[in-house]
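Shown next as structure tokens: one chain only, the form predicted on its own.
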């Protein structure tokens, strides 16, 4: 029985057991360069998105350019998608280092190696977590109990911190590998001598091709002319009235009856209702038409033609001064963002509308009938549907 159990034990490999010359710093550094660029773009655009969704903004998020959030959030998801094949190849290339023995007896070398391994462990764990949860977020599938946005934000800082430490520790090797020829063996492990079906250049070309295919297969969510070839895009421009939705009226528990004859939009200035508008009243006011995108945190976006009343006109009628922050209240009964904050610069923006029509037709219930907010350069989740009141904060 003892000998049978012993035969089932899988031996732990050593660094020398990995003989492919493709697992080289020359390969890892080149893939790592583009992986670092992808992580950097993803991190910076993620910070922009997080800030845009904050109610408390010491420096107001700008209302111009009206397409800005669409671009940054599209870049966020595209760079995150590109990072997936890059990370897989990078991990494959450096996998033997996991089994490298510690330089016992050399205190300085032990400290550097220990710091390197800790940073790599945090970087790999954080990178995998960010990419996996981000990918599931684009599909709006949340098989976890934690809140996605604050967790994603916190882990992003940890991951970028680990990336900076890792680059600092490995910078001499990275610099040598990038400035030398890809076939250079100066920093290779002694056992990395076996050639395979691919050369190092062949592996890199395959990696770039796989990354490009991954981007093309998903970028149609935000790049309209790629929609016919982006077979894995979570949104391709389809939806009610030609615009996708994340949350239907049914999911939000809003009915057509609530937006019927008894519905009013109240503009509350101070303690009481300053003005109250029925949909018919709103239709009698000067109508404006603006072409603005809906751009969502999941990376998809779509431009549409919106018609309605300029929000600033309603605020002027209620005596609300310029620069006033507002609270936008929805009829929705389920899920977050039933109440959102609208900073004064958005409220005053010429393009900000209380929309009544979409692409020339009355709003469908799923798009926020009887009235919704549409503002420039604003996350889609904050473009409040089924409006019932606008309140001065």
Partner chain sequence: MAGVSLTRSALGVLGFLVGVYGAYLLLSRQDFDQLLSAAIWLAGGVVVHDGLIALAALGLAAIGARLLPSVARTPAAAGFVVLGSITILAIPMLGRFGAKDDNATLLDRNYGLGWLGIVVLVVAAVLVASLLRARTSGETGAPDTRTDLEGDPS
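This one's a predicted model, so the numbers in the text were calculated from it and none came from an experiment. Residue numbers count along the first chain shown, from 1.
The form predicted in complex with the partner chain is left out here; the points below concern that form.
The partner chain is not shown here, but in the predicted complex it comes within 4.5 Å of a heavy atom of residue 206. The closest heavy atom approach of residue 383 to the partner chain in the predicted complex falls outside 4.5 Å.
In the predicted complex, the partner chain lies within 4.5 Å of some heavy atom of residue 195. At a distance threshold of 4.5 angstroms between non-hydrogen atoms, residue 172 is in contact with the partner chain in the predicted complex. Residue-level contacts in the predicted complex: of 244, 259, 74, 293, one residue has a heavy atom within 4.5 Å of the partner chain, and it is 244. A single residue from the set 180, 319, 240, 103 has any heavy atom within 4.5 angstroms of the partner chain in the predicted complex; that residue is 240. With the partner omitted here, the stretch from 303-311, 283-291, 198-206, 262-270 that lies within 4.5 Å of the partner chain by heavy atoms in the predicted complex is 198-206. Taking the partner chain as it sits in the predicted complex, the stretch 80-105 comes within 4.5 angstroms of it through a non-hydrogen atom at 81, 84, 85, 88, 89, 91, 92, 95, 98.
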